[in-house]
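Shown below, as structure tokens, is a lone chain in the form predicted alone; questions about how it binds or moves come after it.
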Amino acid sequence: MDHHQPAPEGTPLYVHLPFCVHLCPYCDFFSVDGKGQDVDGFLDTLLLEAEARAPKAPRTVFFGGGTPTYLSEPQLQRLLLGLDELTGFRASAEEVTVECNPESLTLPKAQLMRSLGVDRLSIGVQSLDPETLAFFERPHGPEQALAAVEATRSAGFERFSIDLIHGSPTEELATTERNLLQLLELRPQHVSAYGLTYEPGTPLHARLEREEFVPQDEDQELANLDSVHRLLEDAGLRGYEVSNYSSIGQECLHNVNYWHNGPYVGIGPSAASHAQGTRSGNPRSIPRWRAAKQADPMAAAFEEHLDPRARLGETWWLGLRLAEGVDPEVARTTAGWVAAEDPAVGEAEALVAEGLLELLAGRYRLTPRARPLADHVGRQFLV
């Protein structure tokens, strides 16, 4: 992407707000303890970067983190008004999502966001089990999680999503099921249900290495996955992606664009962008990001140009996460692959022979038994 050319009008926009009340030990996204941070100075730089790089009239906007609702009401107002002034997102976006955590989502904040163009909240509940919340070092209890959903409803949000993590060593399958059924009584239109992973470099991974707890074994993990999948589907939430479930028409449009390997622009520290065949990313540190953007708002910490073969592999890798699977012709168009022979189809056919993919109505998709292996299957396509 030519640095001096903003992305085309309509390109989806991601905004990274790294502040948290407490850093969760399993998280490997870039986040910082908000205490003592210069949040107002951060917003100065964020709006400076937005002015230079944010696409006009984005189709979707997603505020992620960190915890965007860590910001105070005046700070949220400044961010949302400032960004709308620069991009016009309130008139253009089909979906504007803010990630929030129960300890910082108040009714006034929810009402403010709703009045400033946010139409979807993604609430980080993670669990309703007190022991699991303690293991995850979440700064909220189950009551606060339920109150956050209540505030979301009261503020007039028709669309909200609940995030869950299953597979904690603190949780028996019966607890996971009981929690999920209790959350389903709140009738969310969207649930993201992630299996707990121990990412290298996180405090939880270090505790695992020190053998401070016994992780669930593979059979337990698969039982969780199966049960969560079944309960969500029974409640009318279709698994449209490996970890994401929604009622019809309530899929997260911003994330579906990622899985289709579509273009997007990310602003804020650590945010990645993918536009016009180039991937780039911002520094993963607030001071480095601020210094870089003040010197040149278009500057990137890294940049890579992907050739069509690499883009083709990525399109399959991402697309196979979706229940709809991959249409080889659409994948070739997305990747700009014009050669007569399509290497991805050969790979897909080999995986069909192994029982990991199936071909249905011209699309390749994961077989039910391959769902827990989605990452392994997708990686076969990467160059």
Partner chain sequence: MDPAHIRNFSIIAHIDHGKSTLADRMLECTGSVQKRDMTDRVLDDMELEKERGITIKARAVTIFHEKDGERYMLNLIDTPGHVDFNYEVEKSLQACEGAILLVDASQGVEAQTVANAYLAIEANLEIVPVLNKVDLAHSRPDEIAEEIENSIGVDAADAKRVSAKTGQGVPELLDQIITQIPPPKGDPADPLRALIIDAVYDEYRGIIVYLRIVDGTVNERDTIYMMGTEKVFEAVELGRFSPKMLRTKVLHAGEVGYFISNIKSLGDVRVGDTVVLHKGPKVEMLPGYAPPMHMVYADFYPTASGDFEGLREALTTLTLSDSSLAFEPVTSDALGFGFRCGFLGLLHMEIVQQRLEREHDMDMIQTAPTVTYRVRYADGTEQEIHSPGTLPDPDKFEELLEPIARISMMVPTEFVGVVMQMAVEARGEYVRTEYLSQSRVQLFFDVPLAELIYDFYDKLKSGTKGYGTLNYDVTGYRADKLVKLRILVNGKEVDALSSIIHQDVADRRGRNIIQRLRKDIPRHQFEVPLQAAIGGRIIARETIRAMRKDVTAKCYGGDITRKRKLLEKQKKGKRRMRSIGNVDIPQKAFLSVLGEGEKKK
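Residue numbers count along the first chain shown, from 1. All values reported here derive from a predicted model rather than from experimental measurement.
There is another form of this protein, the form predicted together with the partner chain, and it is not shown here; the text below is about that form.
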Of N179, T87, N244, T132, the one that lies within 4.5 Å of the partner chain in the predicted complex (heavy atoms):
N244
At 4.5 Å between heavy atoms, is L81 in contact with the partner chain in the predicted complex?
no
Hey, in the predicted complex, does E358 get a heavy atom within 4.5 angstroms of the partner chain?
no
Given that the partner chain is not shown alongside this chain, does D28 nevertheless sit within 4.5 Å of it in the predicted complex, heavy atom to heavy atom?
yes
Interface membership of L225, the partner chain in the predicted complex, 4.5 Å heavy atom rule:
yes
Even though the partner chain is not shown here, does it sit in the predicted complex so that V32, Y70 and H205 each have a heavy atom within 4.5 Å?
no
Only one of 171-179, 102-110, 235-243, 285-293 gets a heavy atom within 4.5 Å of the partner chain in the predicted complex; which is it?
235-243
Scan 206-223 and note down the residues that get a heavy atom within 4.5 Å of the partner chain in the predicted complex; none is a fine answer too.
E218, D219, E221, L222
